[in-house]
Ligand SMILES: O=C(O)CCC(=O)C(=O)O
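Taking the form predicted on its own, here's one chain by itself in structure tokens.
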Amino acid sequence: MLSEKSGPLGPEELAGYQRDGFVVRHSVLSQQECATWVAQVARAQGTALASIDLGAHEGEPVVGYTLDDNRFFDLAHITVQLEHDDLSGAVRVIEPIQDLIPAFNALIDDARLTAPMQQLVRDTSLSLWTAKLNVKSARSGSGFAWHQDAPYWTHDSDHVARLPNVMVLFEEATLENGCLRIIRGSHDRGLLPGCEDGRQLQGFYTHPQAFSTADEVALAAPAGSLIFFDPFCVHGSGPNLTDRGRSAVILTYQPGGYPTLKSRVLRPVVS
């Protein structure tokens, strides 16, 4: 379901979200806003890499580890994942981004995001669950395998069905640079079985026999677009094959009064 509007979701948008598991709003943020956020992304990458190089963040040691050949570093409760290619040293993920770069708090409270989220969470009072920065560096930006978000969260939340996501595109998302792909309607099937292929994180990837790629939708969209999607949607993305980077943030909201995923600190949403 595609839309060009802002403000609360209209009846057709809500019906599309319920049917498909997602709704897209094109070019909600201006080009100037996107440029400002791209600069904040670069700042976040530099801050994270500097902390890793120093081996400390705000006086605490940085903890590094590897899972399925992916490199992770914990800066206290903030997790940084680097690109698979050991030579690139590029940041792939930072979560939660607002605790590293406080400027992202303004986006979390932006009414263009929170008004639809009040409808999807089914509560006028919201709090943040998590905020994850996703970066696909030019040429080296890797893809994300098919997965649902719910398996990552089900042991930490008793209201997983009320944890909808919104992906905010700071740069244009295309087929060539690894746009988000969703299996249409997969949210209706609940928690699907994970893979059994020997990977350390095998259970977090959706078993290929549990869904059909015939239902795949590639969500190419302009910079500034918002993609709202259900936590039970099977989704993934391809690598960035272009000469330009592609960055986005995925914000996950929940009913008010509940703490965030990583720090377990309540972060109320001002809407």
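In this text the structure is predicted, and so the values were computed from the model without any measurement. We number the residues from 1 along the sequence you see.
One more form of this protein should be noted, the form predicted together with the ligand, which is absent from this view; the next part is about it.
- No residue of the trio Arg184, Leu219 and Pro231 has any heavy atom within 4.5 Å of the ligand in the predicted complex.
- Screening 144-152, 99-107, 190-198, 113-121 for residues having heavy atoms within 4.5 Å of the ligand in the predicted complex returns a single hit, 144-152.
- Here is the short version: of Asn240, Ser225, Ser237, Thr206, the single residue with a heavy atom within 4.5 Å of the ligand in the predicted complex is Ser237.
- In the predicted complex, the ligand sits within 4.5 Å of a heavy atom belonging to Gly178.
- Contact check for Ile250: a heavy atom falls within 4.5 Å of the ligand in the predicted complex.
- None of the heavy atoms of Arg162 is located within 4.5 Å of the ligand in the predicted complex.
- A residue is said to contact a partner when one of its heavy atoms sits within 4.5 Å of a partner heavy atom; Leu126 fails this definition for the ligand in the predicted complex, lying far away.
- For the stretch 159-175, the set of residues having any non-hydrogen atom within 4.5 angstroms of the ligand in the predicted complex comprises only Met167.
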